[in-house]
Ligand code: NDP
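First, one chain by itself in structure tokens, the form predicted alone.
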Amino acid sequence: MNKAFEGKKVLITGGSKGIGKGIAQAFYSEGADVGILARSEEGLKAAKEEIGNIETFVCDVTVDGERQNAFQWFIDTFGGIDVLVNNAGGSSGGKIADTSMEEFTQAMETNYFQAVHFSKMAYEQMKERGGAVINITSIFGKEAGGKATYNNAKAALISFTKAAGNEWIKDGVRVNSIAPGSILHPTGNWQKRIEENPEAMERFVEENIPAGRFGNVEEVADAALFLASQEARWLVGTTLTADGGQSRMNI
């Protein structure tokens, strides 16, 4: 291990489980000073016990004041920020006609507005020192396939990634995103579906994922390490697809 991020200060939202926890583990293993946010104090405690000497803060990212408090806590604790990973998010709703407007609004709060706010706060700190913002989006932000509430919000975040990337690169702040496909982890929906109907999930993989399996959090975390690294210094406003070939788009 070459400790490529030794001393770098990394904030990860939704960092107590799944992809967020995997990204936190990856940066910590590379020497970074890591802080994670999540709503569950119990989940944060468990993540800290599993990963090691990271810092944690309870935060509902859909609440403006909690976002501001959490970000200020990170700056006070670490003295600055080098990498922000906007991972927090979630899916809700169903068919469009059956989904309330409140659910559409909540999906934007959960997946989009909070990431924009954290990005703006990080930019104010990073523009004096440089840095990287990484948004965790989805292949369904690029094409149909998931619930409309989730797709819409992730599509907005992909668009924001490009706009902020183009605006902020002049100040040394790179903004990119990762669009994962179907990622398997113990607390995720795919694991629940496997337990409910393993045969159906085998057919799903065979029919939809050319690589022949679900992805794992480590593979998304590796992409995050790359986007935060100097090796990705010419990637600006890019959405990197990490899906084993699952998405249908050819551009």
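This structure is a prediction, so every number in the text was calculated from the model and none was measured. So that there is no doubt, residue numbering starts at 1 and follows the sequence shown.
Not pictured, yet referred to below: the form predicted together with the ligand.
field: Output flag, Lys17, Arg39 and Asp60 jointly within 4.5 Å of the ligand in the model of the complex, heavy atom basis
entry: Each of the three qualifies.
- request: Taking 4.5 Å between heavy atoms as the contact cutoff, choose which of Tyr150, Tyr123, Phe113, Trp73 touches the ligand in the model of the complex.
  value: Selected residue: Tyr150.
query: Pick from Ile51, Val205, Ile183, Ile194: which residue has any heavy atom within 4.5 angstroms of the ligand in the model of the complex?
result: Contact with the ligand in the model of the complex is made by Ile183 alone.
- prompt: With the partner removed from view, which of 125-133, 81-89, 95-103, 167-175 is the stretch that lies within 4.5 Å of the ligand in the model of the complex, judged by heavy atom distances?
  reply: Result for this chain: 81-89.
- prompt: Contact between Asn69 and the ligand in the model of the complex at 4.5 Å, heavy atoms?
  reply: Output for Asn69 is no: heavy atoms all beyond 4.5 Å of the ligand.
- prompt: Do Thr187 and the ligand come within 4.5 Å of each other in the model of the complex, heavy atoms counted?
  reply: It does: once the ligand is placed as it appears in the model of the complex, Thr187 has a heavy atom within 4.5 Å of it.
query: Within 233-248, which residues have a heavy atom closer than or equal to 4.5 Å from the ligand in the model of the complex?
result: Heavy-atom contacts within 4.5 Å come from no residue here.
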